[in-house]
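Consider the single chain below, provided in structure tokens and representing the form predicted on its own.
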């Protein structure tokens, strides 16, 4: 009994230490975005000066806008294309199917440094070059496999008898997909979309290779700002992004019941 309690206490301690390791740096960064000192000096003095300065930093605002725009477009394209591809893999048998499914994993496993270099060479070779459009294409190529894998995993729990029953009742293929299949796989579709958004918004390596001066994303701009000299405005924009992201995640988990029914 005593050994069990000790192990239980150590397990709880380990979890709390792990959570502290993950979230304490984020909390400190958020607090320092409200500190009057740009050098993190103590004692702490409350201010919103850095948030006011953020709105006057055209480079950070432009980079943030580019990141959000690219991430949203990437999410929409990858969710639509990935869901359609997953349904095709699930419903149909065709030559080369296994080979195409196997090709989904190299983009996930290959280091992004190699992928970014390859994309840079390819885009220059076909005349696309660098810029926001090239970044968008690169992000779609990186995020699409994640959506297909997640939605395909959800489809493995789907009973094909449900579609057959709907067809026997007179439903056409579109009605079967819209009213039977999509509601079942919607948690996987939403999860895949969130993966796509995260991959795109946080992507640095590919964005760094494909960006041009004046047309960058937020991770690239933060990297450039750190090289020139760190400012608390980066803490401010990071805090805003974290708060908004966590709020969206909580709302998504709440309304789509990822945790299941109790």
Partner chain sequence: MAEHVATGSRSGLRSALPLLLPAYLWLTVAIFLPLSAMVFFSSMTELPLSGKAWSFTLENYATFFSERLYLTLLLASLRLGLEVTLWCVVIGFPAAYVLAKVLKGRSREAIFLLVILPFWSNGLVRIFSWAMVLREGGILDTALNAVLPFKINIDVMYSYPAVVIGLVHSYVPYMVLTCYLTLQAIDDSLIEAGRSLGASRLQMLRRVIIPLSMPGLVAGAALIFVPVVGSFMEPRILGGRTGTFYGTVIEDQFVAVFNWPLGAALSFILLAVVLVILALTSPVLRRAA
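Numbering follows the first chain given and starts at 1. Not measured: the values here are computed from a predicted model. For the two forms, the rigid core is made up of the largest set of C-alpha atoms that agree within 1.5 Å on superposition.
Here the subject shifts to the form predicted in complex with its partner chain, a form of this protein not shown in this document.
**Q** Can you pick the one in 68, 26, 36, 61 that has a heavy atom within 4.5 Å of its partner chain in the model of the complex?
**A** Looking at 68, 26, 36, 61 one by one, just 26 meets the 4.5 Å heavy-atom criterion.
**Q** Answer with yes or no whether residue 235 is in contact with its partner chain in the model of the complex, where contact means some heavy atom within 4.5 Å.
**A** Residue 235 belongs to the contact set for its partner chain.
**Q** Is it the case that residue 107, even though its partner is missing from this view, gets within 4.5 Å of its partner chain in the model of the complex, heavy atoms only?
**A** Within the cut-off, so yes.
**Q** Examine residue 54 and determine whether its closest non-hydrogen atom to its partner chain in the model of the complex is within 4.5 angstroms.
**A** Residue 54 lies outside the contact set for its partner chain.
**Q** Can you tell me if residue 165 lies within 4.5 angstroms of its partner chain in the model of the complex, counting non-hydrogen atoms only?
**A** Residue-level check for residue 165: no, no contact with its partner chain.
**Q** Judged by heavy atom distances of 4.5 Å or less, which residues of 3-28 approach its partner chain in the model of the complex?
**A** Read in sequence order, the residues that approach its partner chain (within 4.5 Å, in the model of the complex) are 3, 4, 7, 8, 11, 12, 14, 15, 16, 18, 19, 21, 22, 23, 25, 26, 28.
**Q** Is residue 13 one of the residues whose C-alpha moves 2 Å or more between this form and the one not shown after the core fit?
**A** For residue 13, whose C-alpha is compared between this form and the one not shown after core superposition, the shift is less than 2 Å.
**Q** Does the distance between the two CA positions of residue 167 reach 2 Å or more between this form and the one not shown, the core being superposed?
**A** The answer is yes; the displacement is at least 2 Å.
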